[in-house]
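One chain follows as structure tokens, the form predicted alone.
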Amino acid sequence: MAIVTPLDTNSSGRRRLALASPANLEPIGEIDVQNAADVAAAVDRARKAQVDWGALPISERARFMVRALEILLERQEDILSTVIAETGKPRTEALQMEVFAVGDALNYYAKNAERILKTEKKTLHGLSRWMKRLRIVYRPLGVVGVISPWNAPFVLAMNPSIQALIAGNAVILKPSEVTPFSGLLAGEIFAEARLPDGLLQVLTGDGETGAALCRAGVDKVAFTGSVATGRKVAVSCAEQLIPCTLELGGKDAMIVCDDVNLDYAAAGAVAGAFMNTGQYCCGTERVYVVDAVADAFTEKVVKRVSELRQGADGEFDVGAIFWPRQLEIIEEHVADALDRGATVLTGGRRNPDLQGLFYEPTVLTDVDHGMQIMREETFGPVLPIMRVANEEEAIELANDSTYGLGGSVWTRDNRKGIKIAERMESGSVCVNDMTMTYGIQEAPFGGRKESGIGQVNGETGLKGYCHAEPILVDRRGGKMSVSRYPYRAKSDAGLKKFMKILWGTGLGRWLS
């Protein structure tokens, strides 16, 4: 994430921010902080544009997604260079997490949205099936505000926008103030795809702009970011009685069973902890390994970590810390752990050989739940490993957290892995892989506890950008209304007898 420096206001009175790369500290651009008036004007344009868009068949909306996919493929290098400049992440991660993932989302929803949002005809239970017909129609909400974060700035701007758009909504996108150019690329791609004006607007700015968007009369807010800011978004939406989805922080646990393939588990731990420099919400932040294999597992992890390359140029595995405050948090957590008796096996400091914001890939042992490193979100390249007596203790400790976003279980026995996963208090769990549910388009993704509200992606997420409207049709043209009102005591007595037959006998319950 880029380093932000406030500048003087511009001629229109808006605040202005200068951005610099976290990897080499070089300037990368400036942005205006758009204010409440700018937000209100954008929502007004979106409201007008959405009417015709929402009336289009989904197959027509899908054509714009296909065109956007074609442009994505053409502009891969633009996307990669922008994301890398703003975040300092490795090129391979930018390609996989940002470009490939967005292409997959565009293709998936273009192909499947019509099926997912098709009007449903429901067969009713009991006697109602002879008297009523039910249809459920998925109607767009209207205007959706998307507030996206800095750690995966292109995919987390595009993915919710794609879903909201193909469901028939207009979108106001407010990217993080420290990775705004990745968000602006989303607007450029859809503009090149000839999306009608006003349907996807990108507003640059910081918390002022985001707060204004939450208060601007949108019909839903999709927010990805910190727990603290998520609470503010939730309060704002609750006061207006509008829905929101909140993808917040995580402290994902990895459980390593005693029957595990140690090479696979060690590789999974390293990838889960150090991908994106540990700065993603479902990164592996805690490992609980059964004592019988703890030494061998830890040795393999340390060996793999020692081979990781950290840098800013060329081919490397671990990039920069995206912003200065995150580097401070990482240092605070490691210092607290060391003060309380933890041991550093590798890393444990800022990288002295690199110019920007770099923290060495770090492995800690002798950790416990009295340490910040095991309780608070670190969001950095640090892997704490805690040995446990057995799998029961691992499950108990994994659940001992205010977070509940993702997790993983490692075992040769998939059936056992699933049983353990079902007992973990997590929004999702992977068996024998790092937490990667967000990248599976069919899977709903969301957190429990302080990790969020609601789910995104898949059928659940796409339908979340709609109002499911039940339409109930009387099969007899309204004839029942004649005898329903006014009330009569004789009718009450008849209903009581009918209920006794319907639910008071086995045959009645079977028929109903």
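Predicted, not measured: the structure shown is a model, and the values here were computed from it. Numbering starts at 1 and follows the sequence shown.
Just so you know, the form predicted in complex with a small molecule exists too; it's not on screen, but the next bit is about it.
Heavy atoms within 4.5 Å of the small molecule in the predicted complex: which stretch among 424-432, 110-118, 340-348, 141-149? Every other range fails; the passing one is 141-149.
For the small molecule, considered in the predicted complex: do all three of Ala101, Asn159 and Gly183 come within 4.5 Å of it, counting heavy atoms only? Answer is no for this spot.
Could you spot which one of Gly225, Gly198, Gly356, Gly187 gets a heavy atom to within 4.5 Å of the small molecule in the predicted complex? Looking at Gly225, Gly198, Gly356, Gly187 one by one, just Gly225 meets the 4.5 Å heavy-atom criterion.
So which of Glu376, Asp206, Asp366, Glu331 reaches within 4.5 angstroms of the small molecule in the predicted complex, heavy atom to heavy atom? Answer to the contact question: Asp206.
So in the predicted complex, does Thr298 come within 4.5 Å of the small molecule, heavy atom to heavy atom? Contact with the small molecule, no.
Although the partner isn't part of this model, could you tell me whether Thr437 comes within 4.5 Å of the small molecule in the predicted complex, counting any heavy atom of the residue? The answer is no: Thr437 has no heavy atom within 4.5 Å of the small molecule.
Test of understanding: in the predicted complex, would Cys281 fall inside 4.5 Å of the small molecule by heavy atoms? Contact check for Cys281: yes, within 4.5 Å of the small molecule in the predicted complex.
Taking the shortest heavy atom distance, is Ala211 within 4.5 Å of the small molecule in the predicted complex? Ala211 belongs to the contact set for the small molecule.
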